[in-house]
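Have a look below at one chain only, the form predicted on its own, in structure tokens format.
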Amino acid sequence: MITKMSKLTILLFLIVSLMPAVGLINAQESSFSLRGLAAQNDIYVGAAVWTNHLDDPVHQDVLGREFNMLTPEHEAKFCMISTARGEYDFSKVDQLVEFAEANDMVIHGHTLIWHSCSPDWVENGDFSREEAIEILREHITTVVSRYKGRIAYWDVVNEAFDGAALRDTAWLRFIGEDYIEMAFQFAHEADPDALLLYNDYGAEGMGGKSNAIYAMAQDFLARGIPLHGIGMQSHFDVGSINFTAIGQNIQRLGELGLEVQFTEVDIKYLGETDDEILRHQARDYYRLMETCLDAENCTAFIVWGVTDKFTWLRDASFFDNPTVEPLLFSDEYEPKPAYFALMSLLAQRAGVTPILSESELTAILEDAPAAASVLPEPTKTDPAQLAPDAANGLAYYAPFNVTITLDGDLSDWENVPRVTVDSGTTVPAGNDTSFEFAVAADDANLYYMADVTDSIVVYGNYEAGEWYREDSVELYLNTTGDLGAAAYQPGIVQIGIMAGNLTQPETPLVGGSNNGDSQISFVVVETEKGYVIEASVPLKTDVWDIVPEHLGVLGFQTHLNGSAATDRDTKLIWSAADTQDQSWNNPSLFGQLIFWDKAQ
């Protein structure tokens, strides 16, 4: 039996086999390419590249044929070109610039200032403010002046925000908050015609980080700081993208007169690659490009690499899927469903016959089947339970009118149903980590308990901003009544409680989106097998007013992050809908918390 998706796969194979042979058609003249159709839509479609990629003639051909913008993936960064003050090696950047110019490609320079790629002599230096300002000026002036008139766009500062606050970097410590505006001023002085962008991740939609970037942009423009656009990195997960929120953010930036570019697009996933995941990925690429085309101020769509075989995401230090295929071309440079989805969209918008028929495109764009949400009849395995058994990964029944004291003693949780979570998106071989959780309520608070089994409890390596990288437990609540909400808003919270609270209960370590709205209180107590967390969240706050009533529903989710060394190596997840660790980004993946009158 041939399924709808396998028919599409066969069709794509036939299209590929009929494509012009590599090198036989001038890339600048062919409309049967991404760059040809992008040009008809007045947009750049770009790709990131390393010089060693150009050692492969096929890579050169695909890059030149399909893309009209080139981004140096890493080799133009400060740490890559300077080993000592005033000493620079531009040989690799020159090679990329020359390739772009030979293939009529616009160059998007990446990046002048980034905290993760400052040379050691900067990071380990001891400079006065005046000295650091002069070093900043020298570097930016040297690089931008060298490529004046040749590099059209620059990511001037990259990832300066950690959430809504400025990231602690050497430049911030040496100079202060105004190092960012200085960087833009120095770049503009070096090349007044270059268009200058601020670039960051996790701020594509509406939220605290994007609000902080928007406020910075407003301030810069009001004071005449030469900022011309915002780069949205767009490292997404399949099925996690809130296109509406991204469109809203692009619009408000456009109202300031700023360009927006999707600067580092890749769409990843956990697990094996199959037709269905590639269909969902193609749908997400299509919708993201559609969001860009719908906005007059969105001027570029840059993928973070040409072929899957060179993607940074196959490095275990960045992502836990060594066979992930997040880009438009396979390891063998074969165009994937996402490529044809983009081609069809660009063709349609340009008034050209789409590559895919309407029915074939529908096969890609139709929504994924909704997860089963029909709950079984509530039952009690133990008649003494104060509420029914949880429905596996779908719903937890929380008894109310239960008295709980936050003291680490779990005796007052007797007969409150417990659920064991021992599976998730990252479970190492020989894993011995799991946790039991339970939830209850009285007339003032919602109570949460996590009893963690973990032979190695790691904490103290990270500040609260990176709480998820070591041992911690996450509690999620959606109190809005809209369980389908796909973006965080007031009334939806992620609360990360770190095991590090074992040693500093007087200074709570808490992270997560909107966690401050929860007014959470908690204790963390060491046990023979790991640690216990008991927490309470007020039912009534300035943001919500929860009234427990029999069969009343909240959105609910809980996770565990585990570490056996210096970074997270375990991720356990309760909700059956969250198969890609996306609850932090998409609350529609939560399960349900159903209140249960213990008197029933």
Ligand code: 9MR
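All residue numbers refer to positions in the sequence shown, first residue = 1. Every value quoted in this text rests on a predicted model; they were computed, and no experiment measured them.
A second form of this protein, the form predicted together with the ligand, is not displayed here; the remarks below concern that form.
Proximity to the ligand in the model of the complex, taken as heavy atoms within 4.5 Å, picks out 233-241 from the listed stretches 358-366, 406-414, 163-171, 233-241. Contact annotation for Glu159: at least one heavy atom lies within 4.5 Å of the ligand in the model of the complex. In the model of the complex, the ligand sits within 4.5 Å of a heavy atom of Trp50. None of the heavy atoms of Tyr88 is located within 4.5 Å of the ligand in the model of the complex. When the ligand is considered in the model of the complex, Trp304 lines it closely, a heavy atom lying within 4.5 Å. Contact annotation: of the candidates His139, Arg279, Lys268, His110, the single residue with a non-hydrogen atom within 4.5 angstroms of the ligand in the model of the complex is His110. For the options Trp114, Phe220, Phe186, Tyr333, the one in contact with the ligand in the model of the complex, meaning a heavy atom within 4.5 Å, is Trp114.
Of the residues in 71-94, those that come within 4.5 Å of the ligand in the model of the complex through at least one heavy atom are, in sequence order, Glu73, His74, Lys77. Between this form and the other one, the CA-CA gap for Arg283 and Ala486 widens by 3 Å or more, being larger in the model of the complex. Relative to this form, in the model of the complex the C-alpha atoms of Ala486 and Arg349 separate from one another by 3 angstroms or more.
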